[in-house]
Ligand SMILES: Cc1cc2nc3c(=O)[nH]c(=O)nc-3n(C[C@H](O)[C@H](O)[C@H](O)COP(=O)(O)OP(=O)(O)OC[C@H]3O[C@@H](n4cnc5c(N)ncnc54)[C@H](O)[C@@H]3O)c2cc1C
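First, one chain by itself: the form predicted on its own, in C-alpha coordinates.
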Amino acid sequence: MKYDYLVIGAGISGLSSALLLARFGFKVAVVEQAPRPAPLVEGFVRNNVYFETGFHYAGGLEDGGVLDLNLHLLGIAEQLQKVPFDPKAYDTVVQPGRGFNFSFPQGYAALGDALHERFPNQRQALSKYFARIQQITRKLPYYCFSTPGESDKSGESSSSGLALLHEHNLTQVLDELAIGGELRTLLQIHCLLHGSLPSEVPFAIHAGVVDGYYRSAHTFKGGGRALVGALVTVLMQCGVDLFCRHRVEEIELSAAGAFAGVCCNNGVKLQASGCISTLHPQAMLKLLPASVFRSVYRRRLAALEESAGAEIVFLRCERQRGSTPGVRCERQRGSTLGVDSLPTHNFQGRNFFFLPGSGKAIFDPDLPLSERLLYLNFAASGGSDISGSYWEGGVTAILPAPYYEPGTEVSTTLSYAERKEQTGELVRKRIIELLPELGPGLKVECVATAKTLQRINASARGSLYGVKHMVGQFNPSAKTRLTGFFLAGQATAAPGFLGAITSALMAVGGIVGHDRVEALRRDVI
(Lines give C-alpha, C1' and ligand atoms only; values in the text may rest on other atoms or scores of the structure.)
Protein backbone atom coordinates (compact mmCIF):
# COMPACT_ATOMS: atom_id res chain seq x y z
CA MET A 1 0.00 0.00 0.00
CA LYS A 2 1.17 3.51 -0.75
CA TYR A 3 0.66 6.13 1.94
CA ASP A 4 0.52 9.87 1.85
CA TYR A 5 3.04 10.12 4.69
CA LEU A 6 5.27 7.81 6.66
CA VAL A 7 6.43 8.68 10.16
CA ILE A 8 9.71 7.10 11.24
CA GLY A 9 9.73 6.52 14.99
CA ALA A 10 6.76 5.91 17.30
CA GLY A 11 7.85 8.12 20.18
CA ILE A 12 5.71 11.01 21.42
CA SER A 13 6.77 13.25 18.52
CA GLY A 14 6.11 10.49 15.98
CA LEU A 15 2.71 9.51 17.33
CA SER A 16 1.72 13.18 17.61
CA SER A 17 2.85 13.84 14.04
CA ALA A 18 0.82 10.90 12.77
CA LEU A 19 -2.31 11.99 14.64
CA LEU A 20 -2.05 15.53 13.30
CA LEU A 21 -1.51 14.34 9.73
CA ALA A 22 -4.53 12.07 10.05
CA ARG A 23 -6.58 15.01 11.30
CA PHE A 24 -5.81 16.71 7.98
CA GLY A 25 -7.04 13.71 6.01
CA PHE A 26 -3.77 12.02 5.08
CA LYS A 27 -3.29 8.27 4.94
CA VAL A 28 -0.44 7.67 7.41
CA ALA A 29 1.75 4.83 8.63
CA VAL A 30 4.18 4.85 11.57
CA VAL A 31 7.31 2.69 11.47
CA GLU A 32 8.99 1.73 14.75
CA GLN A 33 11.94 -0.59 15.36
CA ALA A 34 10.92 -1.53 18.92
CA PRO A 35 8.32 -4.21 19.72
CA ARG A 36 6.02 -1.56 21.20
CA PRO A 37 5.40 2.14 20.49
CA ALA A 38 7.08 4.77 22.66
CA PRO A 39 9.13 2.30 24.74
CA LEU A 40 11.08 5.14 26.36
CA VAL A 41 7.91 6.71 27.75
CA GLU A 42 5.64 3.84 28.73
CA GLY A 43 7.92 2.64 31.54
CA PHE A 44 8.16 -0.96 32.66
CA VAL A 45 6.79 -3.36 35.25
CA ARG A 46 9.13 -5.65 37.13
CA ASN A 47 8.28 -7.79 40.15
CA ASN A 48 4.82 -6.20 40.20
CA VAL A 49 6.30 -2.70 40.49
CA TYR A 50 5.78 -0.03 37.81
CA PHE A 51 8.69 2.29 37.02
CA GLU A 52 8.54 5.50 35.03
CA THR A 53 11.32 5.94 32.48
CA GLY A 54 10.72 8.90 30.20
CA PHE A 55 7.67 10.52 31.80
CA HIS A 56 8.10 11.68 35.38
CA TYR A 57 5.80 14.67 35.58
CA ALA A 58 4.59 17.49 33.35
CA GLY A 59 3.86 21.19 33.59
CA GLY A 60 1.09 23.07 31.84
CA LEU A 61 -1.56 20.40 32.47
CA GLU A 62 -3.86 22.66 34.46
CA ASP A 63 -7.25 23.22 32.78
CA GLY A 64 -6.59 25.51 29.84
CA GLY A 65 -2.81 25.11 30.17
CA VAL A 66 -0.64 24.72 27.09
CA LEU A 67 -0.17 20.97 27.50
CA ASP A 68 -3.80 20.43 28.51
CA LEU A 69 -4.95 22.12 25.30
CA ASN A 70 -2.47 20.07 23.26
CA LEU A 71 -3.96 16.87 24.68
CA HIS A 72 -7.37 18.05 23.45
CA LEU A 73 -5.82 18.90 20.08
CA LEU A 74 -4.50 15.35 19.77
CA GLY A 75 -7.85 13.94 20.86
CA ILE A 76 -6.51 12.06 23.89
CA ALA A 77 -7.55 14.33 26.78
CA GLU A 78 -10.73 12.39 27.54
CA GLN A 79 -8.81 9.14 27.87
CA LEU A 80 -6.38 10.43 30.49
CA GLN A 81 -6.96 11.19 34.15
CA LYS A 82 -4.73 13.99 35.39
CA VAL A 83 -3.25 13.55 38.85
CA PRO A 84 -1.89 16.75 40.46
CA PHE A 85 1.36 16.73 42.34
CA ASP A 86 1.49 18.12 45.86
CA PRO A 87 0.10 21.68 45.55
CA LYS A 88 2.41 22.98 48.28
CA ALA A 89 5.54 20.99 47.55
CA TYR A 90 5.81 19.34 44.16
CA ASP A 91 9.57 20.00 43.98
CA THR A 92 11.72 20.16 47.11
CA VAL A 93 15.34 21.31 46.87
CA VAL A 94 17.62 20.28 49.73
CA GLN A 95 21.28 20.89 50.48
CA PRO A 96 22.26 18.36 53.14
CA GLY A 97 24.46 19.62 55.94
CA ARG A 98 23.38 23.24 55.57
CA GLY A 99 19.78 23.03 56.66
CA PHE A 100 18.73 24.57 53.36
CA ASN A 101 15.53 23.34 51.79
CA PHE A 102 12.81 24.97 49.74
CA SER A 103 9.61 23.52 48.33
CA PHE A 104 7.99 24.81 45.15
CA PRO A 105 4.22 25.34 45.45
CA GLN A 106 2.05 25.19 42.35
CA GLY A 107 1.01 28.41 40.61
CA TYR A 108 2.89 31.63 39.90
CA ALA A 109 1.14 33.50 42.72
CA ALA A 110 1.94 30.91 45.38
CA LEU A 111 5.50 30.48 44.12
CA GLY A 112 6.06 34.23 44.06
CA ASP A 113 4.77 34.59 47.62
CA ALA A 114 6.98 31.76 48.87
CA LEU A 115 10.10 33.12 47.19
CA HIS A 116 9.40 36.71 48.25
CA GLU A 117 9.04 35.55 51.83
CA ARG A 118 12.28 33.58 51.65
CA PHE A 119 14.23 36.23 49.72
CA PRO A 120 12.63 39.62 50.59
CA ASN A 121 15.57 41.58 49.20
CA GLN A 122 15.13 39.96 45.78
CA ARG A 123 11.46 40.82 45.32
CA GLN A 124 11.98 43.19 42.41
CA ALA A 125 14.42 40.89 40.62
CA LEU A 126 12.02 37.96 41.01
CA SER A 127 9.15 39.95 39.57
CA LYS A 128 11.27 40.84 36.54
CA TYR A 129 12.36 37.20 36.16
CA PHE A 130 8.78 35.89 36.17
CA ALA A 131 7.65 38.66 33.83
CA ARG A 132 10.41 37.86 31.38
CA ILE A 133 9.53 34.16 31.37
CA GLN A 134 5.87 34.86 30.62
CA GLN A 135 6.76 37.45 28.00
CA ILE A 136 9.17 35.21 26.13
CA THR A 137 6.93 32.13 26.13
CA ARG A 138 4.28 34.15 24.30
CA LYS A 139 6.74 34.39 21.41
CA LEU A 140 7.69 30.72 21.23
CA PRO A 141 6.32 28.77 18.26
CA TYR A 142 3.09 26.96 19.12
CA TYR A 143 3.40 27.67 22.83
CA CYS A 144 0.38 29.93 23.30
CA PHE A 145 -3.09 29.21 21.93
CA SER A 146 -4.70 32.19 20.26
CA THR A 147 -8.35 32.86 21.01
CA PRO A 148 -11.00 32.93 18.29
CA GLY A 149 -10.99 36.19 16.40
CA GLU A 150 -7.28 36.86 16.86
CA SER A 151 -5.20 37.28 13.75
CA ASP A 152 -2.99 34.36 12.84
CA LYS A 153 0.53 34.96 14.05
CA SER A 154 1.96 31.48 13.67
CA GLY A 155 4.39 32.35 10.91
CA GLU A 156 5.63 35.46 12.68
CA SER A 157 5.78 33.56 15.95
CA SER A 158 7.87 30.79 14.45
CA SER A 159 10.52 33.08 12.98
CA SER A 160 10.79 35.52 15.88
CA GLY A 161 10.54 32.74 18.46
CA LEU A 162 13.35 30.72 16.88
CA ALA A 163 15.55 33.81 16.80
CA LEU A 164 15.28 33.95 20.58
CA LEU A 165 17.20 30.69 20.78
CA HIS A 166 20.39 32.45 19.79
CA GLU A 167 20.18 35.31 22.25
CA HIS A 168 20.72 35.24 26.02
CA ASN A 169 21.39 32.13 28.04
CA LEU A 170 20.01 31.58 31.54
CA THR A 171 23.23 32.62 33.28
CA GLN A 172 23.28 35.96 31.45
CA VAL A 173 19.69 36.73 32.47
CA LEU A 174 20.33 35.88 36.12
CA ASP A 175 23.50 38.02 36.04
CA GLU A 176 21.56 40.91 34.52
CA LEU A 177 18.98 40.68 37.30
CA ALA A 178 21.71 40.34 39.94
CA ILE A 179 20.21 37.10 41.22
CA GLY A 180 22.71 35.00 43.13
CA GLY A 181 23.16 32.68 46.07
CA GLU A 182 20.42 30.24 47.09
CA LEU A 183 17.81 31.95 44.93
CA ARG A 184 19.99 31.48 41.86
CA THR A 185 20.33 27.79 42.73
CA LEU A 186 16.55 27.38 42.93
CA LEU A 187 15.98 29.09 39.58
CA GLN A 188 18.65 26.91 37.93
CA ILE A 189 17.69 23.55 39.38
CA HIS A 190 15.24 22.67 36.60
CA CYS A 191 18.10 22.65 34.09
CA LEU A 192 18.24 18.96 34.98
CA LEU A 193 14.94 18.60 33.10
CA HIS A 194 16.42 19.74 29.78
CA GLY A 195 20.01 18.57 30.17
CA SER A 196 21.81 21.83 29.37
CA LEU A 197 23.89 23.92 31.75
CA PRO A 198 22.63 27.38 32.79
CA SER A 199 25.50 28.94 30.86
CA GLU A 200 24.48 27.03 27.71
CA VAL A 201 20.69 26.85 27.56
CA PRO A 202 18.89 29.64 25.68
CA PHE A 203 16.72 31.51 28.14
CA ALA A 204 13.79 30.97 25.77
CA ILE A 205 14.13 27.17 26.00
CA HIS A 206 14.49 27.33 29.79
CA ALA A 207 11.43 29.58 30.00
CA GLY A 208 9.40 27.16 27.90
CA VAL A 209 10.29 24.35 30.32
CA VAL A 210 9.84 26.08 33.68
CA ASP A 211 6.77 28.17 32.78
CA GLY A 212 4.65 25.04 32.68
CA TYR A 213 6.00 23.78 35.99
CA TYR A 214 5.57 27.15 37.68
CA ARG A 215 1.90 27.01 36.66
CA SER A 216 1.17 23.40 37.61
CA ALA A 217 2.71 19.96 38.03
CA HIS A 218 0.83 16.76 37.20
CA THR A 219 1.15 13.20 36.11
CA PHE A 220 -1.47 10.82 34.73
CA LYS A 221 -3.17 7.95 36.46
CA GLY A 222 -1.14 5.06 35.09
CA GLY A 223 1.75 7.38 34.20
CA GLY A 224 3.58 7.21 30.91
CA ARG A 225 1.97 3.84 30.16
CA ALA A 226 -1.49 5.45 30.18
CA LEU A 227 -0.25 8.27 27.97
CA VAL A 228 1.12 5.91 25.34
CA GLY A 229 -2.02 3.79 25.50
CA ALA A 230 -4.21 6.84 24.85
CA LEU A 231 -2.09 7.92 21.88
CA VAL A 232 -2.15 4.46 20.31
CA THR A 233 -5.92 4.07 20.84
CA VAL A 234 -6.69 7.33 19.06
CA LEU A 235 -4.12 6.49 16.39
CA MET A 236 -6.03 3.31 15.58
CA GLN A 237 -9.33 5.17 15.59
CA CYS A 238 -7.90 7.59 13.02
CA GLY A 239 -6.96 4.75 10.69
CA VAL A 240 -3.20 5.14 11.08
CA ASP A 241 -1.22 1.95 10.47
CA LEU A 242 1.43 1.14 13.08
CA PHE A 243 4.33 -1.15 12.12
CA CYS A 244 6.40 -2.17 15.15
CA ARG A 245 9.51 -4.36 14.85
CA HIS A 246 10.26 -2.60 11.57
CA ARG A 247 13.66 -0.91 11.65
CA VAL A 248 14.22 1.42 8.72
CA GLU A 249 17.52 0.59 7.03
CA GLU A 250 17.25 2.78 3.95
CA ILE A 251 15.26 5.75 2.72
CA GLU A 252 14.41 5.44 -0.96
CA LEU A 253 14.26 8.33 -3.39
CA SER A 254 12.31 8.80 -6.59
CA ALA A 255 13.95 9.32 -9.96
CA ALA A 256 13.43 13.04 -9.43
CA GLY A 257 15.29 12.90 -6.11
CA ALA A 258 12.26 13.25 -3.82
CA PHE A 259 11.31 11.03 -0.90
CA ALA A 260 9.66 7.82 -2.15
CA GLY A 261 9.61 5.29 0.71
CA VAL A 262 11.59 3.18 3.15
CA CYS A 263 13.13 -0.29 3.27
CA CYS A 264 12.99 -2.12 6.60
CA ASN A 265 15.30 -4.74 8.07
CA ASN A 266 12.65 -7.45 7.65
CA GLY A 267 12.39 -6.86 3.91
CA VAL A 268 9.19 -4.79 4.09
CA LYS A 269 9.06 -1.77 1.79
CA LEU A 270 6.62 1.07 2.34
CA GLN A 271 5.94 3.78 -0.21
CA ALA A 272 4.73 7.30 0.45
CA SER A 273 4.75 10.79 -0.99
CA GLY A 274 6.30 12.29 2.13
CA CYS A 275 7.88 11.50 5.46
CA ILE A 276 8.46 12.89 8.95
CA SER A 277 11.57 11.44 10.58
CA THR A 278 11.78 11.61 14.37
CA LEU A 279 15.13 9.83 14.56
CA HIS A 280 18.23 11.30 16.14
CA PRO A 281 19.57 13.59 13.36
CA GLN A 282 22.81 11.63 13.14
CA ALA A 283 20.94 8.34 12.81
CA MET A 284 18.80 9.88 10.07
CA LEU A 285 21.89 10.81 8.04
CA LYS A 286 22.94 7.16 7.87
CA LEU A 287 19.76 6.22 6.01
CA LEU A 288 20.28 8.60 3.09
CA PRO A 289 22.87 8.88 0.33
CA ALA A 290 25.56 11.42 1.22
CA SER A 291 24.62 13.44 -1.86
CA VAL A 292 21.13 14.31 -0.56
CA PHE A 293 22.32 17.04 1.84
CA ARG A 294 25.10 19.54 1.43
CA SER A 295 28.31 18.67 3.22
CA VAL A 296 28.02 21.72 5.47
CA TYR A 297 24.59 20.54 6.67
CA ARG A 298 25.85 17.02 7.28
CA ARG A 299 28.81 18.34 9.25
CA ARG A 300 26.50 20.54 11.32
CA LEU A 301 24.27 17.61 12.24
CA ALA A 302 27.26 15.38 12.96
CA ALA A 303 28.66 18.01 15.34
CA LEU A 304 25.49 18.54 17.38
CA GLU A 305 26.30 18.36 21.08
CA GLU A 306 24.40 16.02 23.33
CA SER A 307 22.52 16.84 26.52
CA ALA A 308 23.82 15.59 29.86
CA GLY A 309 24.56 11.94 30.54
CA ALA A 310 22.96 10.20 33.51
CA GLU A 311 22.85 7.18 35.75
CA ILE A 312 19.35 6.07 36.71
CA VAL A 313 18.50 3.81 39.61
CA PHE A 314 15.05 2.26 39.85
CA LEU A 315 13.98 1.31 43.37
CA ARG A 316 10.96 -0.23 45.04
CA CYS A 317 9.65 0.33 48.56
CA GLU A 318 8.73 -2.95 50.17
CA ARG A 319 6.01 -2.44 52.77
CA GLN A 320 6.42 -4.03 56.15
CA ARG A 321 3.64 -6.25 57.43
CA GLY A 322 0.81 -4.11 58.78
CA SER A 323 2.03 -0.88 57.13
CA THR A 324 -0.13 1.28 54.91
CA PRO A 325 0.60 2.12 51.26
CA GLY A 326 2.89 5.08 50.72
CA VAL A 327 5.69 6.48 52.83
CA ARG A 328 5.00 9.27 55.26
CA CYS A 329 7.40 12.19 55.22
CA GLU A 330 7.57 12.70 58.96
CA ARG A 331 10.18 14.46 61.02
CA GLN A 332 12.52 11.70 62.18
CA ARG A 333 15.94 11.67 63.75
CA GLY A 334 18.56 12.12 61.07
CA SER A 335 16.13 13.24 58.37
CA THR A 336 17.45 15.82 55.94
CA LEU A 337 14.11 17.61 56.07
CA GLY A 338 14.01 20.05 58.94
CA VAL A 339 11.25 20.63 61.47
CA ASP A 340 9.98 23.66 59.58
CA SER A 341 10.16 22.09 56.15
CA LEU A 342 6.88 20.35 55.36
CA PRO A 343 3.79 18.98 57.03
CA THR A 344 3.49 15.22 57.50
CA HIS A 345 2.81 13.98 53.99
CA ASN A 346 3.06 11.01 51.67
CA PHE A 347 5.96 11.16 49.25
CA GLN A 348 3.61 10.34 46.37
CA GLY A 349 3.45 13.20 43.88
CA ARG A 350 6.74 14.67 45.00
CA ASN A 351 10.19 15.31 43.57
CA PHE A 352 13.38 15.90 45.55
CA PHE A 353 16.58 17.53 44.35
CA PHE A 354 19.47 16.86 46.75
CA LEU A 355 22.30 19.29 46.00
CA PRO A 356 26.06 18.73 46.22
CA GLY A 357 27.90 20.33 49.10
CA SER A 358 28.80 24.02 49.33
CA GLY A 359 31.24 25.26 46.72
CA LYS A 360 30.61 22.39 44.31
CA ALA A 361 29.00 22.79 40.90
CA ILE A 362 25.37 21.68 40.93
CA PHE A 363 25.49 19.65 37.73
CA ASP A 364 29.06 18.31 37.93
CA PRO A 365 28.88 14.71 36.61
CA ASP A 366 32.37 13.84 37.87
CA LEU A 367 31.62 14.19 41.57
CA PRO A 368 31.49 10.96 43.58
CA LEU A 369 28.05 9.35 43.71
CA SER A 370 27.84 10.30 47.38
CA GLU A 371 28.07 14.01 46.49
CA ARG A 372 26.50 14.31 43.05
CA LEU A 373 23.15 16.01 42.42
CA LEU A 374 20.44 13.46 43.18
CA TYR A 375 16.92 13.73 41.78
CA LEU A 376 14.21 11.52 43.26
CA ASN A 377 10.84 11.08 41.60
CA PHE A 378 7.87 9.52 43.38
CA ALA A 379 5.40 9.94 40.53
CA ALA A 380 4.95 6.32 39.49
CA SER A 381 1.50 5.15 40.53
CA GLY A 382 -0.04 1.72 40.89
CA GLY A 383 -2.27 0.26 38.23
CA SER A 384 -3.44 -2.89 36.47
CA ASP A 385 -2.56 -4.51 33.19
CA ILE A 386 -4.96 -6.21 30.80
CA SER A 387 -4.78 -9.43 32.80
CA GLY A 388 -5.99 -7.64 35.91
CA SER A 389 -2.67 -7.94 37.76
CA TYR A 390 -2.01 -5.01 40.07
CA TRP A 391 1.35 -3.31 40.44
CA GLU A 392 2.82 -0.85 42.93
CA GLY A 393 4.62 2.33 41.94
CA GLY A 394 8.42 2.51 42.10
CA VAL A 395 10.93 5.29 42.75
CA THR A 396 13.28 6.74 40.13
CA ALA A 397 16.65 8.27 41.08
CA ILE A 398 18.59 10.23 38.44
CA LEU A 399 22.16 11.52 38.81
CA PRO A 400 24.20 13.45 36.19
CA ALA A 401 26.97 11.24 34.81
CA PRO A 402 29.86 11.51 32.37
CA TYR A 403 29.08 10.74 28.75
CA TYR A 404 29.54 7.22 27.51
CA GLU A 405 32.51 7.12 25.16
CA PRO A 406 32.64 3.79 23.30
CA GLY A 407 36.05 2.20 23.56
CA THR A 408 37.15 4.21 26.59
CA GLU A 409 35.76 1.98 29.34
CA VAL A 410 37.88 2.01 32.47
CA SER A 411 39.47 -1.35 33.12
CA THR A 412 38.65 -2.64 36.62
CA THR A 413 38.39 -5.97 38.36
CA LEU A 414 34.59 -5.54 38.40
CA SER A 415 32.41 -6.59 35.50
CA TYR A 416 29.92 -4.14 33.98
CA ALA A 417 27.07 -5.87 35.80
CA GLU A 418 28.96 -5.67 39.08
CA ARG A 419 29.64 -1.95 38.60
CA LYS A 420 25.94 -1.36 38.00
CA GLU A 421 25.08 -3.30 41.13
CA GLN A 422 27.63 -1.26 43.09
CA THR A 423 26.17 1.99 41.76
CA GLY A 424 22.65 0.95 42.75
CA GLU A 425 23.68 0.01 46.27
CA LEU A 426 25.64 3.25 46.82
CA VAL A 427 22.65 5.30 45.68
CA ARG A 428 20.23 3.26 47.79
CA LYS A 429 22.31 3.81 50.94
CA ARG A 430 22.57 7.51 50.19
CA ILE A 431 18.80 7.82 49.78
CA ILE A 432 18.15 6.08 53.11
CA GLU A 433 20.68 8.37 54.79
CA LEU A 434 18.93 11.41 53.34
CA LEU A 435 15.38 10.13 53.85
CA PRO A 436 15.44 7.55 56.63
CA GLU A 437 11.64 7.58 56.50
CA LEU A 438 11.96 5.17 53.57
CA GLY A 439 13.51 2.60 55.86
CA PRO A 440 15.16 -0.73 55.10
CA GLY A 441 12.36 -1.69 52.71
CA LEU A 442 13.97 0.34 49.91
CA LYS A 443 15.41 -2.09 47.35
CA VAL A 444 17.21 -1.61 44.03
CA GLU A 445 15.36 -3.14 41.10
CA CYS A 446 17.76 -2.21 38.28
CA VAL A 447 20.24 0.42 37.12
CA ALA A 448 20.66 2.25 33.81
CA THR A 449 24.01 3.82 32.97
CA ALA A 450 25.12 6.20 30.23
CA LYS A 451 25.99 3.08 28.24
CA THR A 452 22.38 1.92 28.64
CA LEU A 453 21.13 5.29 27.38
CA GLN A 454 23.51 5.08 24.43
CA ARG A 455 21.79 1.86 23.43
CA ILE A 456 18.12 2.64 24.05
CA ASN A 457 18.18 6.34 23.09
CA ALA A 458 20.24 5.78 19.94
CA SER A 459 22.51 8.50 21.30
CA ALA A 460 26.18 8.20 20.42
CA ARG A 461 27.28 9.40 23.87
CA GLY A 462 24.50 8.09 26.07
CA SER A 463 22.77 11.37 26.79
CA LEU A 464 19.57 11.66 28.81
CA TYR A 465 17.61 13.85 26.36
CA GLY A 466 19.44 13.42 23.07
CA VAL A 467 20.58 16.55 21.25
CA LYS A 468 21.22 19.55 23.48
CA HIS A 469 19.65 22.98 23.00
CA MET A 470 22.29 25.63 23.53
CA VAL A 471 23.13 29.17 22.45
CA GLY A 472 25.28 29.07 19.34
CA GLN A 473 24.19 25.58 18.27
CA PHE A 474 21.87 25.55 15.28
CA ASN A 475 19.62 22.56 15.68
CA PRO A 476 17.88 21.33 12.52
CA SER A 477 14.58 22.84 11.49
CA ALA A 478 11.55 20.79 10.49
CA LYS A 479 11.88 21.39 6.76
CA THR A 480 14.78 19.89 4.81
CA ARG A 481 15.98 20.37 1.25
CA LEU A 482 14.83 16.82 0.39
CA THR A 483 11.39 17.16 -1.19
CA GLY A 484 8.69 15.67 1.00
CA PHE A 485 11.06 15.00 3.92
CA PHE A 486 10.58 16.69 7.32
CA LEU A 487 12.09 16.32 10.78
CA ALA A 488 10.48 16.22 14.21
CA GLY A 489 11.63 15.23 17.68
CA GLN A 490 13.06 17.10 20.64
CA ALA A 491 16.21 17.96 18.70
CA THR A 492 14.22 20.23 16.37
CA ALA A 493 12.05 22.12 18.86
CA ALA A 494 12.51 21.68 22.60
CA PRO A 495 13.01 18.92 25.17
CA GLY A 496 10.33 17.02 27.04
CA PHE A 497 6.73 16.00 26.39
CA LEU A 498 5.68 19.48 25.30
CA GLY A 499 8.76 19.84 23.11
CA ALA A 500 7.91 16.60 21.31
CA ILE A 501 4.37 17.77 20.55
CA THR A 502 5.65 21.18 19.47
CA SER A 503 8.06 19.55 17.05
CA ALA A 504 5.16 17.62 15.53
CA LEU A 505 3.17 20.83 15.11
CA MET A 506 6.10 22.52 13.40
CA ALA A 507 6.64 19.59 11.03
CA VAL A 508 2.97 19.26 10.12
CA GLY A 509 2.73 23.04 9.81
CA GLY A 510 5.51 22.87 7.23
CA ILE A 511 3.43 20.36 5.27
CA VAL A 512 -0.10 21.79 5.38
CA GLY A 513 0.66 25.41 6.24
CA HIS A 514 0.98 26.95 9.69
CA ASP A 515 -2.25 28.88 9.22
CA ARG A 516 -4.22 25.63 8.94
CA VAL A 517 -2.53 24.19 12.02
CA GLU A 518 -3.28 27.37 13.94
CA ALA A 519 -6.92 27.20 12.87
CA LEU A 520 -7.08 23.62 14.13
CA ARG A 521 -5.59 24.69 17.45
CA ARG A 522 -8.14 27.47 17.82
CA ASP A 523 -10.91 24.90 17.50
CA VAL A 524 -9.95 23.33 20.84
CA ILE A 525 -10.23 26.57 22.87
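Remember, it's a predicted structure, so these values are computed and weren't measured experimentally. A residue's number is simply how far along the shown sequence it sits, counting from 1.
Another form, the form predicted in complex with the named molecule, is not on view; read the next lines as being about it.
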query	finding
Region of this chain that lies against the named molecule in the predicted bound form, out of 451-459, 97-105, 69-77, 200-208 [heavy atom, 4.5 Å]	451-459
Residue among 260, 304, 115, 279 with a heavy atom within 4.5 Å of the named molecule in the predicted bound form	279
Partner-contacting position among 190, 430, 215, 246 - heavy atom within 4.5 Å of the named molecule in the predicted bound form	246
The named molecule contact at residue 398 in the predicted bound form, heavy atom, 4.5 Å	yes
Close approach of residue 54 to the named molecule in the predicted bound form, 4.5 Å, heavy atom	yes
Distance check, residue 61 to the named molecule in the predicted bound form, heavy atom within 4.5 Å	no
The named molecule contact at residue 49 in the predicted bound form, heavy atom, 4.5 Å	no
Within 4.5 Å of the named molecule in the predicted bound form: residues from 176-196 (heavy atom criterion)	none
